[in-house]
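The form predicted on its own is given below as one chain in structure tokens.
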């Protein structure tokens, strides 16, 4: 199957970007160097093309009921312009995907939510099937191809975006959003992101993508830097830190139990109530290597006697800390911060210790 392409794919190629397949998309992974792009975001600002993320719109009289039943957070707590992080779970409480849900500023409650790359069609069908099964009156529309999505992140990002609009976007709190004219283009402008830094995510009509991309003057960044930035923060990556088919995890195991509101009714609620009462057998943890070596996805984690107890799901050499860090699952009795373990790197057991993400201080 042919890879899907972001609207500015050829523009990025002319800029010299390198590309990778991700979630069925042909996406820029690096423009200059991962370290250079990573540092720009931590110290100044960078702009990411994240048009591979999905966009699903839900409207109609039963839109709130449908969103409430299919996400773990409480959408009734959202006012127009608010957003929230949530998990989408199956009847057994396993995560199908994680998402951000926006309540749009319309007269009737309507929503836009963002599935991960390559999940938009699956999640769209999930919503349609359950809407029909529950006989709810709601429209569900996959708008992924209608939007480009850019993330402007870093301490200078608020100034850079604010320079392009007269809208009071500086007043937006974290996880608030509004429509704003950015560089002459009506954009859904959200104070959200995936790097740990301040900034905005801009949903831009596909036809106007180049106008907005050109207006924000900062370091272009690829998915490589996005990955090192999110690992430093301990943020999950769908398909890697959890996978509905190959590595099913509940929100409690994955460290996002805060998204689960057991006082609401949603698919998987009863299973998660039982899991919450019983506690988890494995926990999502951070690891810092004490020896030289770079941990990678799939590497074994052992106890100090060499018995395999877990697996690295994400790992890198942290550009900010200049030390090897990793994320993964360990048995609960090995998950306390400070616990000494080993990570098997190219057949050699490297000393490591358990830490609680984020790896960076003051975040």
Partner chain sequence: MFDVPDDTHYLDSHEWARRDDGTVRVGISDFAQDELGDVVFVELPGVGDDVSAGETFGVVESIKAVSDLYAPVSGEVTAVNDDLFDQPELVNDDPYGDGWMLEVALADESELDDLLSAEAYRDQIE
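Numbering follows the first chain given and starts at 1. Values in this document were obtained by computation on a predicted structure and should not be read as measured data.
Beyond the structure shown, there is the form predicted together with the partner chain, which is absent from this document and is the topic of what follows.
Visitor: Using a 4.5 Å heavy atom cut-off, are 15, 22 and 212 all in contact with the partner chain in the predicted bound form?
Guide: Verified in the predicted bound form; spot residues all out of contact, no.
Visitor: Answer yes if any heavy atom of residue 196 is within 4.5 Å of a heavy atom of the partner chain in the predicted bound form; otherwise answer no.
Guide: Outside the cut-off, so no.
Visitor: Is residue 311 a contact residue for the partner chain in the predicted bound form, using a 4.5 Å heavy atom cut-off?
Guide: Residue 311: no contact with the partner chain in the predicted bound form.
Visitor: Does the 4.5 Å heavy atom contact test between residue 34 and the partner chain in the predicted bound form come out positive?
Guide: Answer yes; at least one heavy atom of residue 34 falls within 4.5 Å of the partner chain in the predicted bound form.
Visitor: Does the partner chain get within 4.5 angstroms of any non-hydrogen atom of residue 174 in the predicted bound form?
Guide: Outside the cut-off, so no.
Visitor: Under a 4.5 angstroms heavy atom criterion, identify the one residue in 332, 321, 294, 44 near the partner chain in the predicted bound form.
Guide: After the contact test, the surviving option is 294.
Visitor: Using heavy atoms only and a 4.5 Å cut-off, determine which of 228, 83, 142, 238 is in contact with the partner chain in the predicted bound form.
Guide: By the 4.5 Å criterion, the partner-contacting residue is 228.
Visitor: Tell me, please, which stretch of 50-58, 34-42, 333-341, 303-311 lies within 4.5 angstroms of the partner chain in the predicted bound form when heavy atoms are compared?
Guide: It is the stretch 34-42.
Visitor: What residues in 302-325 sit within 4.5 Å of the partner chain in the predicted bound form, counting heavy atoms only?
Guide: Result: 316, 317, 319.
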